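Only one chain comes next, encoded as structure tokens, the form predicted alone.
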Amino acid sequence: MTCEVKAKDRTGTINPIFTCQPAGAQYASIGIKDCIGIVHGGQGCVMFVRLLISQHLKENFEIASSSVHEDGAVFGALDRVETAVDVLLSRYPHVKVVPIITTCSTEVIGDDVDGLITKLEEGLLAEKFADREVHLLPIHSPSFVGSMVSGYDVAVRDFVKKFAKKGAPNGKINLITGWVNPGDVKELKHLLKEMDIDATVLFEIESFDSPILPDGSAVSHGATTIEDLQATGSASHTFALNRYEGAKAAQLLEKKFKIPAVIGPTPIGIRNTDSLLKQLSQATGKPIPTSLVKERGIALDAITDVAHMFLADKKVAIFGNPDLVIGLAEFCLDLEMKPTLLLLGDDNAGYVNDPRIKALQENVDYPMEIVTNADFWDLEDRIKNKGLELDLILGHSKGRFVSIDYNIPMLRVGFPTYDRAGLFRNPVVGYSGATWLAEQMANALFSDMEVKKNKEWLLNVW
């Protein structure tokens, strides 16, 4: 019995699990207040990513494009960025932060975005917008390396690098949530509030669960301010909840400002939430309150209702962002389930040395595959041609056709989820997230039992 980590055994990609680096940089940028990014590339580099994010969050937001055409892709298109910055600042007087997010075409042609920003700061900003606070920064996110996950990680680091300043200790912790939903942010803030911990929650998008107000004043935007970013250099600790979505920024703050970095755990499930709260308590000296002990007990009670009778021994395939996939796999194991196939959609060489993956290799006592640089054919081929039997699939909406075609129940989790209503409001982190995940996995299996008339009578008596 082995847990094997291996790369996809084919050249090329058939139906990718991830999209590209600029998508991750754009997702990070929408977490900042008074920020509109300019994506330096073709119009589609914004249009399709914006559509994906809007489908997922069911909200609109602003992001700009330099709209590079064929001539710019051959001869360079820095003039398009100059025009874009001018038009953007003129049209949106509230904007203070403008990241220039590069793409594959503009990186290949070698556009000197860093040099252009210096030129704009000395020229356009000093002459036309001298009465405004405007910060330009480059985010290099070529699409031909990495994925949306690494693009998010790079962007978070670059924003922190741009703004962090060393000041008097502020007694706060920095919390880098990683690529999460509004419901996750709300749950994380709840945990911090219950522990009475003063924290700066970075790149947070809770307000994307926007109300409709009578005066029409509600606007979806990130809540992290310039002041929040500047204060990251004065914090007591940095907690990056995801190893691949924020660790670079935490490590930068540790190296530059001697702020201790705590990387993980991704607080999915009871075990990992316990670990996070213990680490928060050790870092801040704040005790874990009885209110959270009670919440933990409620989660355990909910899990007990479904785990042994319905979830135990169920074979699961999981795909998506690596921290999410690994966290879900650990939770499934705690529920006596058997995650048999983990699909990580990029070729990060660090996966094989991830201590969580090493722990899986040491402790799993049944066959498990962890495939890096995977695509959806890796999932479909194993079901169609290699005899993989699954009871459940966990992953985002792009895997829905595998679920439909092979009649396997699927719980939507991760990014993007656009074919089910309101999933972004439900946390997958914390004790509330553990309850939601366990119950929704059970509900997916219950529906499947009814459709297939497979022991559905059990639902009358449990």
Partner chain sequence: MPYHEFEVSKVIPERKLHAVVKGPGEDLTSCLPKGYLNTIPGSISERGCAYCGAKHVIGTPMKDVIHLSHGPVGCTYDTWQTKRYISDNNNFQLKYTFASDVKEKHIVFGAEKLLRQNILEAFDAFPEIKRMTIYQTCATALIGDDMAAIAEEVMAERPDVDIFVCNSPGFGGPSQSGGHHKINIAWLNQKVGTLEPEITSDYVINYVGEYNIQGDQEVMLDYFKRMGIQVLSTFTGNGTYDSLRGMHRAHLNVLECARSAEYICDELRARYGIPRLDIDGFGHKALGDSLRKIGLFFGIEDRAEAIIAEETARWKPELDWYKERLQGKRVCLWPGGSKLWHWAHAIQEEMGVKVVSVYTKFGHQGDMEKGVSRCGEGALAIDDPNELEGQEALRTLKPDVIFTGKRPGEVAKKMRVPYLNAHAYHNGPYKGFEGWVRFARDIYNAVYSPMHRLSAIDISKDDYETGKGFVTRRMLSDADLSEDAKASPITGYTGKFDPIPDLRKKTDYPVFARRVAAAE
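Residue numbers count along the first chain shown, from 1. A quick note: this is a predicted structure, and the numbers were derived from the prediction, not measured.
We do not show the form predicted in complex with the partner chain, though everything after this point is about it.
- Listed residues L292, L88, A307, A261 were compared with the partner chain in the model of the complex; L88 is the one with a heavy atom within 4.5 Å.
- Comparing 375-383, 162-170, 353-361, 236-244 against the partner chain in the model of the complex, the single stretch with non-hydrogen atoms within 4.5 angstroms of it is 375-383.
- In the model of the complex, none of the heavy atoms of D198 sits within 4.5 Å of a heavy atom of the partner chain.
- Although the partner is absent from this view, A73 contacts the partner chain in the model of the complex, with a non-hydrogen atom inside 4.5 angstroms.
- Using a 4.5 angstroms threshold between heavy atoms, R420 stays clear of the partner chain in the model of the complex.
- The closest heavy atom approach of C20 to the partner chain in the model of the complex falls within 4.5 Å.
- In sequence order, E62, I63, A64, S65, S66, S67, V68, H69, E70, D71, A73 are the residues of 62-76 having a heavy atom within 4.5 Å of the partner chain in the model of the complex; the partner itself is omitted from this view.
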